[in-house]
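Shown below, as structure tokens, is a lone chain in the form predicted alone; questions about how it binds or moves come after it.
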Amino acid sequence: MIELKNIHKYYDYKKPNQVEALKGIDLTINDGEMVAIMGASGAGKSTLLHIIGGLSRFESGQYLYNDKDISKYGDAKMCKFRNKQIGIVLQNFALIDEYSVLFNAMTPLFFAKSSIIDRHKRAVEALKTVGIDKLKHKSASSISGGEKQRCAIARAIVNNPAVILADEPTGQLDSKTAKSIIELFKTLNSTGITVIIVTHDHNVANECERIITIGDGMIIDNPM
């Protein structure tokens, strides 16, 4: 379970141009949920997602993950938390274009104490899960947008995370491809993975169990 309690996040903290990005966020996301986070540009959606993923620190409040206070983790422990518990999917795919699909899917495993054979096997299994294992030797630059996003999802799931965070995962895809990517997220969610999607697309959000709306750094709608 993810619990955020009175989270305040500032940019340029204690400087003349200080901006409060999140203003006392209280949020609980249960294990196995599939939720959407919506809001206008600049509302704080991505900032919230980055905090949940341990990518960004905050100035006050508390973050509990399965009753453990993530707020107190040092950098090394936070990195381990991200690598083991969180899979992240971005709008721009964030692949290494000159390397193969297999290499890209394997990258989170470089931090694991496992053999190259085991890493290869796990990456191939992740690519099979997302349906592109036959493309494993192609360079990331040579595949379509939808295939790139599937590769990014394979990379996100290769460590068997409990949570997948997706920041506008269909933003660069046509409607047909976007629908197939959301169906993939739903399939992953059906296996017990918690899925949290930041999106502007109401069609994407409506596929989720719950839509959380954020505005001006505050949650303005959170049906339970």
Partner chain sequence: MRFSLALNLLLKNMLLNFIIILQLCAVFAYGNVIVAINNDAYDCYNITAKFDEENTLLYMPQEPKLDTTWEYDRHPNNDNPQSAISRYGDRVESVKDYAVVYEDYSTRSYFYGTRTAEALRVQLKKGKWFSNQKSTDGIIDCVIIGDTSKFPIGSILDMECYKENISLREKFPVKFRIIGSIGEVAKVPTFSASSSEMTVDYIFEEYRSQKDSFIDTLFYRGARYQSRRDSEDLIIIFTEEIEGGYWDYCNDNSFVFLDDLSDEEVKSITQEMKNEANVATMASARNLSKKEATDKMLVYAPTSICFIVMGLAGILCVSLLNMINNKRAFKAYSISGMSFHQGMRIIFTYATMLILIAFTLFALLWVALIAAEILPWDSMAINSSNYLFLIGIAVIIYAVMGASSSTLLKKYIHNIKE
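Positions refer to the first chain, counted from 1. In this text the structure is predicted, and so the values were computed from the model without any measurement.
One more form of this protein exists, namely the form predicted together with its partner chain; it is left out here, but the text below deals with it.
- Contact with its partner chain in the model of the complex, judged as any non-hydrogen atom within 4.5 angstroms, is confined among 195 to 203, 43 to 51, 181 to 189, 22 to 30 to 43 to 51.
- A single residue from the set 129, 83, 139, 71 has any heavy atom within 4.5 angstroms of its partner chain in the model of the complex; that residue is 83.
- Although the partner is absent here, residue 90 lies within 4.5 Å of its partner chain in the model of the complex, judged by heavy atoms.
- Its partner chain in the model of the complex comes within 4.5 Å of a heavy atom belonging to residue 97.
- Looking at residue 119, you'd find a heavy atom of it within 4.5 angstroms of its partner chain in the model of the complex.
- At least one heavy atom of residue 55 is located within 4.5 Å of its partner chain in the model of the complex.
- Although its partner chain is not shown here, in the model of the complex the stretch 55 to 78 places heavy atoms of 55, 75, 76 within 4.5 Å of it, in sequence order.
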